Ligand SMILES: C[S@@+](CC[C@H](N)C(=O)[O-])C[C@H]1O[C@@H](n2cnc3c(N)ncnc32)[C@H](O)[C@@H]1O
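This document opens with one chain alone, in C-alpha cells, the form predicted on its own.
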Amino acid sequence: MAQRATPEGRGFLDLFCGAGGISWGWSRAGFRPVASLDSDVPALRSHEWNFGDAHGLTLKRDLSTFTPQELGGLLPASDRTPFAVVGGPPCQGWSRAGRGKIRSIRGVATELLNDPRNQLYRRFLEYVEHFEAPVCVMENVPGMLSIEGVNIAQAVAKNIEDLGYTCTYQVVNARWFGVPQDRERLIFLGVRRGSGFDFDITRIRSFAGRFRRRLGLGSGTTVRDAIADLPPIEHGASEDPMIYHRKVGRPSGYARLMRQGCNPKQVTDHVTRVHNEQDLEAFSTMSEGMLYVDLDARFKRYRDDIFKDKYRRLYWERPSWTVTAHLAKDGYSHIHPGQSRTLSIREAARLQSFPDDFRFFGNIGDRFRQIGNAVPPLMAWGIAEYIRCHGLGRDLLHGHEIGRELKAV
C-alpha cells in the first residue's frame, strides 16, 4: 500500500507478532513498532521483510523464557517507554478456569495466573507491568465470555486492572472495519491509571463504521469485492510473481485499497495447492455455500456425520466465514466460489485484509498458517485509529488522503 502515515514518535511492543497483522495496522495509524517478538521463524522472516524499514527489532524469542527485563536491555533508552503493549497470547487454560469451588472473579483471576498452561498469558502481563505503557491491548477468543457459566473475560480484566490499569473489553467483528470476513475477536483495552488518558473500548463499533466509510468501503465487503479482480488460475498454479491482468471495469473500492502502493503490473503469492482428480470433480459439482455433507456419495472419503463441513464453497456476494490457521493443512474450508480449486495464498490474504504489497515467506503451509493466525490488518488499523482519536485527540485517518490515493490505483 501507499507510504505509511508519519510516525508520531509513539512506539509499541507487538508480542506474539506472527507475520505482522497488528504491526501493520498500528504502523498504518502512525505508531512505531519498537520491538516485535515471536518464535515462528517463517512468520518472523515475513515480519522483518515487511517492517524492516521501520527500524524496530524483529526478534525470534521464546516468550515463555524471554523476560521483559531482557528485552529492555536490548532497546535504546528512547524505546524503553513505549506507548502501548499489544498482542494475543495463546492460553490453553481458559477452559478449566472457574471449575473449582472458588467462583468469584478474583478467585478465577487467580486460577488463570496459577494454571501452568497459561504461562504465555502470565508473560504478557509481566511485559505490561514492566514497561508501564499508558495503553495495553490484548486480543483473544470471544468464547471467554462464558466457559462453564463463568465470564473468564471479567477475570482477565481483573488481572490487568491489578497492574494499575482501567480495563474494558468488547467483542469486535472484523467485518465492522470493512474486512470481507465474519471474524469475531474479544479485545481488551487497558488504560494506565495516572497516565492522563481516559477512554475505553465501548464506542468501537460506531467508530468502526466511520473508519470504514472514510476508507470508501461499504457495510458488507464481499468475497467478490475482495478477490474478483485477481487473475483466474488453475489448481497447482506456481508462477510467483504473476502478471496482474486487470479485468475490464473498475475494481471494487476494497480491491483498490489492497492494490495501493504495490507494483501495478504484478501480483505475488497468487499460488495454489495441487488437487487430485476426485477433489476437482467434487468441487465442480458444488454450488455456492455447499457443504461436504451435501456432496454425492461417490465423492465422500470422510465420514459426513463427523466432517459435515470438511468441504465448503464460498459465496460471491457474502463475506467469508473465518479464515483460520487450518488452511495450513488443507484449504477445503474455503473453496473458490467461481473456480474449481481452493484459495490461493493471495486470495486468503485478501480475505484477511493483508494488502498486495505484503509478502509471506516459508512453504505454502507456513504462509497459510501466518495468514490464518493473524489479526486482520484492517481491523488492527481501525482499533489503533480508535485509540489515536479517542486517546490522543487526533482526527480520524489524519495524514491519509484516501480518495486521492485510491484514484491513483
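Start at 1 and count along the sequence shown; that's the residue number. Since this is a predicted model, take the numbers as computed values, not measurements.
What follows is about the form predicted together with this ligand, which we do not show.
- Message: Counting any non-hydrogen atom inside 4.5 Å, which residue from 345, 351, 384, 63 sits next to this ligand in the predicted bound form?
- Response: Residue within 4.5 Å of the partner: 63.
- Task: Go through 264, 90, 232, 289 and name the one with a heavy atom inside 4.5 Å of this ligand in the predicted bound form.
- Result: Looking at the other structure, the residue within range turns out to be 90.
- Query: Hey, with this ligand in the predicted bound form, do 56, 79 and 83 all fall inside the 4.5 Å heavy atom range?
  - Reply: Result no, not one residue of the spot touches this ligand.
- Contact between residue 17 and this ligand in the predicted bound form at 4.5 Å, heavy atoms? Output for residue 17 is yes: heavy atoms within 4.5 Å of this ligand.
- Message: Check residue 29 for me: does it contact this ligand in the predicted bound form (non-hydrogen atoms, 4.5 angstroms)?
- Response: Close contact is absent here: in the predicted bound form, residue 29 is far from this ligand, nothing within 4.5 Å, heavy atoms only.
- Task: Please check if residue 356 has a heavy atom lying within 4.5 Å of any heavy atom of this ligand in the predicted bound form.
- Result: It does not: once this ligand is placed as it appears in the predicted bound form, residue 356 has no heavy atom within 4.5 Å of it.
- Give a yes/no on whether residue 187 approaches this ligand to within 4.5 Å in the predicted bound form, heavy atoms considered. Result no; residue 187 lies far from this ligand in the predicted bound form.
- Quick one: name the residues from 335 to 366 with any non-hydrogen atom within 4.5 angstroms of this ligand in the predicted bound form. Heavy-atom contacts within 4.5 Å come from no residue here.
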